[in-house]
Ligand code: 76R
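Only one chain is shown below, in structure tokens, and it's the form predicted alone.
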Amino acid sequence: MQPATHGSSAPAEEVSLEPSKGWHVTHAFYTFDRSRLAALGPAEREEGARQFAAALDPAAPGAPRRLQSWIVAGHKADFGVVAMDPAPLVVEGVHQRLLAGPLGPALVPTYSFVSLTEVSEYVPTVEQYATRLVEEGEIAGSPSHQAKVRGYASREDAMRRARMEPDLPPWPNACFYPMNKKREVGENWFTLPFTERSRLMAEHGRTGMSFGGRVTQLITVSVGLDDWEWGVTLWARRPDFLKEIVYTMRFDEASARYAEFGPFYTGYVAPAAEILTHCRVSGARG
């Protein structure tokens, strides 16, 4: 029996859990239930620590393409996990392995954010970049203009690939927050012409690039997947750089006028064993 076509003669799209472009991403945050931890015996804690470390090991069999864990500051969570993979159930498997281990009954999920990697529609093509340079004062066809266009063209593919299949930077300070674009009368981002939105995002991008070498960011899209529309993950060489970039970018019109922000989760990149020691689950106490 052939599947119904609902009156369409167009060829059927391939059915898959994997996106046609990009990867699934989940940010998940947890707190340890101290009363339940206290009820675990030494053997359960030891085996729990082993399985906890295995679940958060980026090199373990079946681990997502990218996997990182954080010690989280403040009362919102004790630790967080960032997982990325083309297959959503591989990403979700990290959460299930954590809950299924001996420490699972003592883990309280506090927040999660589901999204996809993407290349923003505001990232210009080579042709659009060349036009933008002229609008910013470059003389079309001048040696300076040509050199900048060639430079952009040489890194465009790598730049787009880095957004779709990102590597995790080796920097120890991180934060995550969700955000929306406003849909209010007089401040509705989605009723602005594309050219105006593109201009505002170009300004925003220039501010971000001024932090090159100190901060790197990943923007993932959650429209249709979670309560907020985008997720922003920042990694920095030092924690004060996180404060500086967020503060500086708030003055850009795209942010100051049109952005809404959710809760911030600040973290310090750490392997599973360090999380357990820091949270007094195993290892050093006191």
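On a predicted model such as this, the values are computed, not experimentally measured, just so you know. Don't overthink the numbering: it's just position in the shown sequence, from 1.
One more form of this protein, predicted in complex with the ligand, exists but is not displayed; see below.
Chemist: Can you pick out, from L225, L40, V246, A63, the residue that has a heavy atom within 4.5 Å of the ligand in the predicted bound form?
Modeler: Flagged contact: V246.
Chemist: Since exactly one of K148, R199, K181, R97 fits, which has a heavy atom within 4.5 Å of the ligand in the predicted bound form?
Modeler: When the ligand is considered in the predicted bound form, the option within 4.5 Å is K181.
Chemist: All three of Y122, L234 and S255 touching the ligand in the predicted bound form at 4.5 Å, heavy atom to heavy atom?
Modeler: Spot residues vs the ligand: full contact, yes.
Chemist: Even though the partner isn't displayed, in the predicted bound form is Q217 close enough to the ligand, meaning a heavy atom within 4.5 Å?
Modeler: Answer yes; at least one heavy atom of Q217 falls within 4.5 Å of the ligand in the predicted bound form.
Chemist: Is there a heavy atom of P88 no more than 4.5 Å from a heavy atom of the ligand in the predicted bound form?
Modeler: No, no contact at 4.5 Å.
Chemist: Is P102 close to the ligand in the predicted bound form, meaning a heavy atom pair under 4.5 Å apart or at it?
Modeler: Taking the distances in the predicted bound form, the answer for P102 is no, it never comes within 4.5 Å of the ligand.
Chemist: Taking any heavy atom pair closer than or equal to 4.5 Å as contact, tell me whether M209 reaches the ligand in the predicted bound form.
Modeler: M209: contacts the ligand in the predicted bound form.
Chemist: In the predicted bound form, which of the stretches 72-80, 89-97, 199-207, 103-111 has residues with heavy atoms within 4.5 Å of the ligand?
Modeler: Among the listed stretches, the partner-contacting one is 199-207.
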